[in-house]
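Listed next as structure tokens is one chain, alone, in the form predicted alone.
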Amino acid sequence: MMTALAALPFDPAPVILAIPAAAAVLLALVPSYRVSAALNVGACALTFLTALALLMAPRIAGPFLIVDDLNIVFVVLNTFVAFTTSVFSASYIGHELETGRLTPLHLRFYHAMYQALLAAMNLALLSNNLGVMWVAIEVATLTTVLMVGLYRTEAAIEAAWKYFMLGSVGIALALFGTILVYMVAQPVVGEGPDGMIWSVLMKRARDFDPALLNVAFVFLLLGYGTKVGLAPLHAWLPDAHSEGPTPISAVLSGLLLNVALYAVLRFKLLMAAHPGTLAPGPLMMAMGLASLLLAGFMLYRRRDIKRLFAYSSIEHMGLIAFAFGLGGPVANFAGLLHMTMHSLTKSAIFFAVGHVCQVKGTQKLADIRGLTTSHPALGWGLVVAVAAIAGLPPAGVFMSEFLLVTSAFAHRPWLALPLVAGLLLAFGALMAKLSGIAFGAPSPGSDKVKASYLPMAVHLTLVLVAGLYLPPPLVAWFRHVAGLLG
């Protein structure tokens, strides 16, 4: 592997940070919507291609950046979904401009913030400094707050403030946990930046005070768990999804939740490196199971299509947290696979929902009926996407859920029963809602779909193929990362 690496003419990690940062500045200055949309897509494509180069790059742990098998999974997935979302966004946002919901000035701000958000998320994933990671996640949060309130309606501004307030509570808890980790490390590694460097902390973790490290993890799990959307800290997520532009809903579900989860996993590894600390798994399983069951019940009462799938995101992030909390090679593999499949499937659902809201002119489920009759391609695409996220075979989500359930029955059979109950609750709710959306007499609203179907089709193809066949190199990579997670 190292000889292949030496052939790389550049270090991809700094470039992955530089491209969206430079694009954000440039897009803030470009007045033309069409030019800025094309530049946004181009910057995202270039960032994704550079992220693919990480697969051939050396695994490094410098004073500023870290590249290892764990964060490469997140970076490649995030940059890919960011690219496909930018393609969807280019035509979707153009429709918003035509209808007067957004102005050209709003679109300049939107595209600049889109790239700023990607830069912040990439920095959080690649930083070797836990303080810088905290700052990057805070910047990503503030950027998302501004984008959620982009429509400037009363409901959008309220949702943005709610996200800001609850997100600030979460990030404050995470900051306190970060300070506690530094305090734990200081007597062992000394004063200075070494007390904040991941690679240094992992090497010296066995010498840390376990009691203080336990307290730190509780604050970090609650803080970053807020960003993941885990119950009982999830209240911001449905509002943010329902009131912001639909591409931002896709980014929230497909990207930002994963970045916060990555932070939790990093600290879980730190805890696991010390034999005297409490096991972090039970805390993660408890929050994950609570999220799954809460979302399963709440799905039945949703009246807004974007809120419906926001609660579905809470359900699936709970499943992923449960998988990583359960641990072991099978459960960790299931967690990685489910995270990947959820990002692809949920973003595809929000692409479809964006189309639906534009052609029907509403987000109310009662006013969205008979899509397979009025818009066959859109309707059946949504049927496939919802069936996939509900866990029906042959989608990749079915495979990851099957692995998780079998692992739970093998190692925690008393937790497997509520796990299966939560999955069945959510499945029933999604199927009940889907039957009204997709079938029956069409509701009024028959405008033609103007946004691109291609991103949705690409995502659903990948999800369906993954349920039938996973390439051996991908399986080996995920198995290796699952082993690292313990």
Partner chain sequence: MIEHAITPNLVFDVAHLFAGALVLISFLMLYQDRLYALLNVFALQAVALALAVAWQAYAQDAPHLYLTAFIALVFKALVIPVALHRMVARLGIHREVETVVATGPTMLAGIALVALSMVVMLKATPAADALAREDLAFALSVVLLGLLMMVTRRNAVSQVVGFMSLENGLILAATGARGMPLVVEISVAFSVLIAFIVIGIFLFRIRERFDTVDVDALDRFRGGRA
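Numbering follows the first chain given and starts at 1. Since this is a predicted model, take the numbers as computed values, not measurements.
Below, we turn to the form predicted in complex with its partner chain, even though it does not appear here.
Within 4.5 Å of its partner chain in the predicted complex, a heavy atom is found for all three of R152, V169 and L173. Shown without its partner, this chain lists Y110, F219, Y92, F267 as candidates; in the predicted complex, only F219 has a non-hydrogen atom within 4.5 angstroms of its partner chain. Taking a 4.5 Å heavy atom cutoff to its partner chain in the predicted complex, the contact residue among L415, V76, A387, I179 is I179.
The chain is drawn here without its partner chain; in the predicted complex, the stretch among 115 to 123, 208 to 216, 374 to 382, 342 to 350 whose residues come within 4.5 Å of it by any heavy atom is 208 to 216. Although the partner is absent here, E138 sits close enough that one of its heavy atoms falls within 4.5 Å of its partner chain in the predicted complex. Within 4.5 Å of some heavy atom of its partner chain in the predicted complex lies at least one heavy atom of W134. For the chain shown alone, G328 is not a contact residue for its partner chain in the predicted complex, no non-hydrogen atom being within 4.5 angstroms. A residue is said to contact a partner when one of its heavy atoms sits within 4.5 Å of a partner heavy atom; A279 fails this definition for its partner chain in the predicted complex, lying far away. Using a 4.5 Å cut-off on any heavy atom, the residues of 185 to 205 that reach its partner chain in the predicted complex are, in sequence order, Q186, E191, G192, P193, M196.
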